[in-house]
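Before any questions on binding or motion, here is one chain by itself as structure tokens, the form predicted alone.
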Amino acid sequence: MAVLVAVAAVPALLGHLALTRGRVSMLASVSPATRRRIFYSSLISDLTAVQETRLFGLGDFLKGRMPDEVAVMQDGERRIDRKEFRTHGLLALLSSAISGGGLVWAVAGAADGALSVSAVMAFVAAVAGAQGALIGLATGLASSYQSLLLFRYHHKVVATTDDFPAVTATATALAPLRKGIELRDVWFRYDDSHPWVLRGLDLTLPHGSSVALVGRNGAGKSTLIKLLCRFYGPTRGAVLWDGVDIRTLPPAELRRRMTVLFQDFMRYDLTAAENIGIGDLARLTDTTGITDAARMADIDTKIRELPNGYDTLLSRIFFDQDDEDDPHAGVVLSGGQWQRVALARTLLRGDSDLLVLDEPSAGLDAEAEHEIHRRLTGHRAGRTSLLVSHRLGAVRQADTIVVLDDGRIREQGTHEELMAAEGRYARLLALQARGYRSSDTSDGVRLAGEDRAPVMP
């Protein structure tokens, strides 16, 4: 009987292990549907999504999409539940058959006088205890097996480097920028199946000078910034820091030498001071530095007017029913105000070797844009800086203006030189300037200054 009970534990163990593999495999297969369900769920609390959901009447559409993702998850769970039901049912029948057969044998032995009643009771208790222990062992092993399978997925994720590989001991140490940054015959694409974003780019950012990038959407401007930040490496060519290939430099140290305002900047659910201070964690509690950066970004006055000043939470995501109408629980800034906060975050790292501004005034009105660029012009003086903007009036003061198109440099020079060349830059500027003049003269009224060239900010 002991041998039968032990042998019966083998299929129980194999069955539990098979079910564990199936459940983990199911979880992996429905992972995309799970992420989509999380996406649809997040729209409920996203203030940005609320506006378009109401305006375009997306409620029923999104509600209809989410059950589809839930159905995919539930179909996978039902499949594994059926397998578990069948497997556990068969194992229960096997266990019952063995224990029942043993009980019949023991009763028959007692009837023949071979076993006493107490011996039968001890036998039944021993069989039940042994079966329970073995089933518990099989269940425990299956649980450990599931943990190992899940840990394999976890290890695969955490084993992925969070950045480019660490530099070797022979790598060149990063020194402060003295000569400039050079992109030498840089080619780049995000994947071998994707088209080229940059095509043989040769560009120099001299130390202490300002360079502006202009061009149509998709010309490669933002990609160039990502290469400078070492988020990617060139597919061909090299990016040089004072003649040293940045691929030989520690990425973290390289990034400490620069500060960047990204076009798609983050809006953190933190206080105003923290939203600015995280631009340089070493100065997170530097009240003077944070307020100076906010003042330069022209957001200091607005922040001081908030319910708790710089300690005001710039989010409403954490409030509850009791403080729903309490502004002290958090406030929501406008797009232009967030643009200034992000700019202040960038300017906090004032001792950086390279300042990169990607559309720093995209969310500002004309007057605010003019004031911000006036301040930035003074801040960039004598600094190595790269400015990306679609508004050409904002780049005319740069030492060098570079026109990108289809991943190549089409024109390069000062504002005066490019205007004299009457090429792409001059045509783009003329197109933008046309918007400052009225072409509608049907009512006999002309705007003041229509016949004059517009004064660009």
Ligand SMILES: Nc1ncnc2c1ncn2[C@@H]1O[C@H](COP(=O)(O)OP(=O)(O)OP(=O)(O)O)[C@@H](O)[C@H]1O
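Not measured: the values here are computed from a predicted model. Start at 1 with the first residue shown and count on from there.
There is also a form predicted in complex with this ligand; it is not shown, and the following applies to it.
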With the partner omitted here, the residue among F262, Y190, W338, Y268 that in the predicted bound form has a heavy atom within 4.5 Å of this ligand is Y190
Would you mind picking the one in L201, V197, M296, L174 that has a heavy atom within 4.5 Å of this ligand in the predicted bound form?
V197
From the candidate stretches 215-223, 132-140, 298-306, 106-114, select the single one in contact with this ligand in the predicted bound form, where contact means a heavy atom within 4.5 Å.
215-223
Is there a heavy atom of H390 no more than 4.5 Å from a heavy atom of this ligand in the predicted bound form?
yes
Consider Y232 of the chain shown here, and say whether it contacts this ligand in the predicted bound form, taking contact as heavy atoms within 4.5 Å.
yes
